[in-house]
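Just the one chain here, laid out as structure tokens, in the form predicted alone.
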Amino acid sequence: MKERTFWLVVLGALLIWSFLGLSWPGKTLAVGLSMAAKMVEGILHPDWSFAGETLRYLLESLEMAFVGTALSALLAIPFGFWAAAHPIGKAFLAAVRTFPELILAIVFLVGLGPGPFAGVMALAVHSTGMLGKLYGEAVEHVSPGPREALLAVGAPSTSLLWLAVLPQVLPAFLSLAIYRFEINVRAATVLGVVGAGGIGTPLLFSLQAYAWPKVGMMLLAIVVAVFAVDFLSARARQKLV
């Protein structure tokens, strides 16, 4: 009981310290809330004449998410086995996923120039770090039974991976990759803010121009797309369980 009270006091002290250390917006908070209200109004009254262009940008974001996820799902397989076998692999993947997608997008923009390819690379690199970690955990929890049975009948060591390990981990790998695609769809809509392609770029321009009906149209499209991807990926992952 005393220990619980101690940690509650520590948590309360940290919360107070955090609040006091933040620079609160003060009077500008009202301005921010009024802009948020205008965004909601834009969603309720979108510019339907901008729907075709919005769909084009949204499809580009979805393409970025799909290609970035596909690349990372393949690259993460050897890294996942490496992480399961050696601490250095875990440390490497931890270092890779330290950098968020936006930072990686800026780095790739410097080398590759603006456009969706930089966004794809940012998503692929960050997702490789995340999926590699999760793949490694799946490999670590593989049942030793099939491997031991193959060894008992004298099966060559080269066949152990294909016959004993991969059949157990592939459903988990696919499920994790699909879940990562959900996350990347959200991330891809933001990468355009730094010029890495997708719907984020026109959304930023419309926000800067206070074109709320266009902003509403794009936000509405993003919400619908995210809900649709979440629903379809959840159904797909259920089939793999």
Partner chain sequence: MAEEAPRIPIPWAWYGGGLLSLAVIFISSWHLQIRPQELLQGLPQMIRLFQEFLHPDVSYLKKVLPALLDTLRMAIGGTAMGAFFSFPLLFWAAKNTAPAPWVYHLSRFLLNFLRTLPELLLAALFVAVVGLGMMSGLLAIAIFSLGIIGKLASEKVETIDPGPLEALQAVGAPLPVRILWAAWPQMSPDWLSYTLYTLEINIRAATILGLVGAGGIGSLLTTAMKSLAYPKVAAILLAVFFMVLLVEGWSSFMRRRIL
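Superpose the two forms; the largest set of C-alphas matching within 1.5 Å is the rigid core. Just so it is clear, the model here is predicted, and its values are computed rather than measured. Residue numbers count along the first chain shown, from 1.
Absent from the display: the form predicted together with its partner chain. The rest refers to it.
Asks: Answer for Ile43 alone: is it within 4.5 Å of its partner chain in the predicted bound form, judged on heavy atom distances?
Replies: Output for Ile43 is yes: heavy atoms within 4.5 Å of its partner chain.
Asks: Any chance Pro116 has a heavy atom within 4.5 Å of its partner chain in the predicted bound form?
Replies: Pro116 belongs to the contact set for its partner chain.
Asks: Report yes if any heavy atom of Phe50 sits within 4.5 Å of a heavy atom of its partner chain in the predicted bound form; otherwise report no.
Replies: Answer no; every heavy atom of Phe50 is more than 4.5 Å from its partner chain in the predicted bound form.
Asks: According to a 4.5 angstroms non-hydrogen atom cut-off, is Phe231 in contact with its partner chain in the predicted bound form?
Replies: Phe231: no, not in contact with its partner chain in the predicted bound form.
Asks: Would you give me the residues of 177-210 that have any heavy atom within 4.5 Å of its partner chain in the predicted bound form, in order from first to last?
Replies: Contacting residues: Arg186, Thr189, Val190, Val193, Val194, Leu203, Leu204, Leu207, Tyr210.
Asks: Indicate whether Phe231 shows a C-alpha shift of 2 Å or more between the shown form and the other one, with the rigid core used for the fit.
Replies: No, because once the rigid core is superposed, the C-alpha of Phe231 moves less than 2 Å between the shown form and the other one.
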